[in-house]
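Alright, here's a single protein chain in two forms, structure 1 and structure 2, each given by itself as structure tokens.
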Structure 1
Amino acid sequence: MAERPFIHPYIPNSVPATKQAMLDELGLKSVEEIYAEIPERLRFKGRLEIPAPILAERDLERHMVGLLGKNTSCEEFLNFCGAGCWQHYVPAIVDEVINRAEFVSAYCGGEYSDLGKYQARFEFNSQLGELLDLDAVANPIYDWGDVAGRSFRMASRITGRKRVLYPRTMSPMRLAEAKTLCQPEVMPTHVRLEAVDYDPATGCMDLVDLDRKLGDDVAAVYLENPGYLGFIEAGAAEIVRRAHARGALAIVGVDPIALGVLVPPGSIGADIACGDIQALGMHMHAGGGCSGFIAFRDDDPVYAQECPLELYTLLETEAGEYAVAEAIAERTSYGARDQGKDWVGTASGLWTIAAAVYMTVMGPQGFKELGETCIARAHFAAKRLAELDGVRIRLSPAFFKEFVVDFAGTGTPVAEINTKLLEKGVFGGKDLSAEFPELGQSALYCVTEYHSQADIDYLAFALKEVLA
């Protein structure tokens, strides 16, 4: 039986007559004559170990749906895990816009051909700047840990100092990313990261320890608000003041969805803010919804000049329209290779458009109401859980949407509780027992506007059963 030619719907020139016509035009017998550029000794002679193709689209869809069907989603189970990737409601309009083929399939086209992409970016930067109370917002990149590390390096370049202080309550995962960026001690360009202790009663930064560690060699003091462990950093303004008093910069890490109700970094004097936009309209995508931003003051150009990420400015045209173009591009790795400021690359463009739409439809009132709902429901959940025998809430009573639940008094480890909760259709809070052993058998629970009172009641019921 003669083999059918391989004609693939994604490869128009796989039609044999077309291929032949092109070869004829080039005077070639086969593509092998082009591959003669690769010497025989470097050619792959074997066969790739890839299963037989699933050609028909329906068959491929069946196969893929079968695989993905093995997952259990946070729509099927009730999820109370956050820890840096949070389940908030994504308004349908956000998905509608970012699923537009023009946005999904665009890349680095220019200011004229891709005006809409550039304008959406500028609108994202502008709206986030409003939430943060900062005049300059750069084009986001990978995630919070990454931009924290980049902010530390940026502060080190601005101040010429090599030491950065961070709160011991910082997410260990974020810290690991930042440490990779700040290099091991053996490297001459290493930036030293040093933890500041926390008040064991509240989780807030220990100001005595801060003073002890804050010297004239400190490039920046980094604080998080809300902190990784959920509490609101009550000393934020004071920390900024003390950093400035020693000539250090103040970097505030922030979950921007809280800024309808919490004080923005710019209002307490932050020089640089960083954080993740995932909460602003991104599905979690198993963590793929994360995207880190950097924002900063614009009253001194050194911040923009040392910023490693792309910056876009608003311009006008000869016809009086708006245009948007990349500014001071020569300082990036695209402009200056190894002489540039860190590096940039393909990052998370589509997510910035999602966040732009999200901030637009939320508006000032939406952010305020959402913040209030998060606080109310999270505290309601904490209250319900604290009623269970042996369960207590740790750290500051002032938290936003996440809080630490200590199960030590129940005699059951968090890992076991979470496994048993799966049988009840619940993803429990993040197990903190390895990251913060001093907090006992604790878990970080997350409650947002996504969860109704009934969801919280069910969680309390499920935990009661599990702990019985």
Structure 2
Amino acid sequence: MAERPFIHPYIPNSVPATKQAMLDELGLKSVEEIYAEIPERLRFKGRLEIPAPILAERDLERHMVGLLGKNTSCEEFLNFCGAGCWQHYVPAIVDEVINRAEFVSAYCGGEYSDLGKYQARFEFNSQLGELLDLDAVANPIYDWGDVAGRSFRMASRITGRKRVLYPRTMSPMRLAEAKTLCQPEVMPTHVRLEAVDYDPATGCMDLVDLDRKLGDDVAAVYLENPGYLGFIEAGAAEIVRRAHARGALAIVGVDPIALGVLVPPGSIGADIACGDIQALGMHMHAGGGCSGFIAFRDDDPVYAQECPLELYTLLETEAGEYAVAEAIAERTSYGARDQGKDWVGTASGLWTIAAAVYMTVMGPQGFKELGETCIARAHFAAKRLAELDGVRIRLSPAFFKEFVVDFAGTGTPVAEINTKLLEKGVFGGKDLSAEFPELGQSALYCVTEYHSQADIDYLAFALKEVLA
């Protein structure tokens, strides 16, 4: 029995004959040969601290419940941390619809077999396009940082230029993703990213520095509104105008939930918009629940041709009816394989349906009221915190739902403050001291419609005790 090979009860590839057949098909002798391209310095040495295979379903369930029980969630604690994944209220109808079997169980089918899912995605694209005031929306993928990088590459292909300007206040995580997509020097698709400084008083882009760096080799100018640090970019329309004056495209990164109160990207002349739909009906899922979109104007067919993601549209059938189908699929990696402009996946298709339900339920008036509520509660919270000794609010007086709180005057590091807040059942703001050292001991706090006055009062109370 000891020499009998281990076969897992619900992992079919553990069957030795199956594994060997796959290796034979690939012309390999062992699984290790698959990993030959990975440098030794990047390989993990040793054994992972994981249990032996758990064979019984009940034992596996107990093990997983135990692991999950170690977490502390935002259901138990008050959460004031945003920084790219935000806590908004998700109407019950959103969860009800996306958990229906026809949506949650099917990965992806053809237009002829997956009718409900394709139509729901088309409705999502139409709704988000109206919200952004842009002509076309592609099927989302991954998150904001990913689509920012893809938008930069898209702009480079359209213009034939190789430099993109971005605000120095851009989320470092988003920037890291974009650089990964844009900056491998050996690739012909290399795009050089260059930061534009910001006004230390407001956080808004420094237009003098923008003019200094704008040149005939700039493919696009990227701006975010609201910015990563919460401020509303007052000069957004002027940035777009200056980009166009030098033959560059204008890309606007946006949190779409803010568009009930902010001017949409298309209305200020943006060529491309990108961002994350996480706020539109998605719970925070410990790293999941994000979904990045790309939208663009369609007065020139080059935009659709150079967009790497899937596009859905309505087509009239021979019978005079209408059907939802994928448009110009041959330009994607599904149609062109390794010759595709970018790799394409369907990693977040379910979230598009959640967002479609959310936008349907909210409607224009709902978005307006939601935006006003976020602004009012965030500013109320900022006012309460600014009343504490040694605490002040940094950057623009105009912000949407996030704002920078400077604790330098308290003499207490943000990391220590956040540790003590946890003891009081509060997730504090995102520590910015490493990302933006010029802001000192500052944290990015997030307040949305999810937070009541009692929640904000308790935050102020807890901080007062922590700083005492």
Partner chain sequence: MSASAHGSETPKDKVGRLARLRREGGALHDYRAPHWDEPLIMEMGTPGERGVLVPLAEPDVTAAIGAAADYIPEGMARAAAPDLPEISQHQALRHYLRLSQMTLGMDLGSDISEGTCTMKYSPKLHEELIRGHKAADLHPLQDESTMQGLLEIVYACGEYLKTISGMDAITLQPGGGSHAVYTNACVMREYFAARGELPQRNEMITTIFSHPCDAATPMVAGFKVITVMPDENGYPDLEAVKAAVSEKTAGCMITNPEDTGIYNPRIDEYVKVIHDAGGLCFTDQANANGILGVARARDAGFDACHFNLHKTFSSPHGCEGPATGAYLVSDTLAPYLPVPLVTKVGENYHLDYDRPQSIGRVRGFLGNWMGVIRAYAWIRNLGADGLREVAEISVLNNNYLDNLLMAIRGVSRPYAEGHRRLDQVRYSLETLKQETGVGTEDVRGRMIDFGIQSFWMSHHPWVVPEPFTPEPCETYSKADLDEWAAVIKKVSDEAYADAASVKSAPHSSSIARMKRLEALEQPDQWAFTWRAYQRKIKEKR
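All residue numbers here refer to structure 1's sequence, counted from 1. This structure is a prediction, so every number in the text was calculated from the model and none was measured. Throughout, rigid core stands for the largest set of C-alpha atoms superposing within 1.5 Å between the two forms.
Here the chain coming from the form predicted together with the partner chain is structure 1, while structure 2 comes from the other form. Shown in the overlay between the two structures, fitted on the rigid core, is a CA shift at Glu316 of 2 Å or greater. Remark: with the core as the superposition reference, the CA shift of Asp457 between the two structures stays below 2 Å. Per-residue C-alpha deviation between the two structures, core superposed: Gly46, 17.1 Å.
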